[in-house]
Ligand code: HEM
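Listed next as structure tokens is one chain, alone, in the form predicted alone.
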């Protein structure tokens, strides 16, 4: 999307690079993790050179994800603080699903749903990191009682499934809300789009211009 007076900068180049690197690492983690979640997915191990390599690489993908997701966390944590307006916005979810946005509270750069998604992903990441350390056989699992390791394995699997579901929902909503994917690809959105979906942010960016 061209940089002109009809568009607004929504995401900077570093923010977009960070987002897509997180997305790529997430898919590598998900695919290598599913290999050991259910036998049906074991053929996916061939993408990594076989089952042994999938097991070896999975936790290292996780280490990369910690740094990349950490970068995203520090970029968006303040924007993602949930306000009373966001809580009010969330009470109108049914209207949003029905395509009726006329009576919604005015959203800032991120709406209530995006903020809940952000903190849900942060929670999953924390659980995955803590449980992942406990079950990482090569380096840490021998430090913990077997009962703790087994419990951590269950937590790790559950948090992984929830995170995959959240990301699938994120992708669906991004496709459903036109221009959302374009914003993360090119960084800019039309003023009309911003005014419709994020009116408070639109006014902030334009100084109250129409």
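Numbering follows the first chain given and starts at 1. Given the structure is predicted, the values throughout are model-derived calculations rather than measurements.
Below, we turn to the form predicted in complex with protoporphyrin IX containing FE (HEM), even though it does not appear here.
**Message:** Under a 4.5 angstroms heavy atom criterion, identify the one residue in 36, 48, 151, 144 near protoporphyrin IX containing FE (HEM) in the predicted bound form.
**Reply:** When protoporphyrin IX containing FE (HEM) is considered in the predicted bound form, the option within 4.5 Å is 36.
Go through 44, 157, 166, 184 and name the one with a heavy atom inside 4.5 Å of protoporphyrin IX containing FE (HEM) in the predicted bound form. So the residue touching protoporphyrin IX containing FE (HEM) in the predicted bound form, by this definition, is 157.
Given a 4.5 Å cut-off on heavy atoms, tell me which of 71-79, 132-140, 108-116, 87-95 is the interface stretch with protoporphyrin IX containing FE (HEM) in the predicted bound form. Of the options given, it is 132-140.
Using the partner position in the predicted bound form, report whether residue 125 sits within 4.5 Å of protoporphyrin IX containing FE (HEM), counting heavy atoms only.
Residue 125 belongs to the contact set for protoporphyrin IX containing FE (HEM).
Going by a heavy atom distance of 4.5 Å, is residue 30 a contact of protoporphyrin IX containing FE (HEM) in the predicted bound form?
Result yes; residue 30 sits at the interface with protoporphyrin IX containing FE (HEM) in the predicted bound form.
- residue 55 within 4.5 Å of protoporphyrin IX containing FE (HEM) in the predicted bound form, heavy atoms: Flag for residue 55 set to yes.
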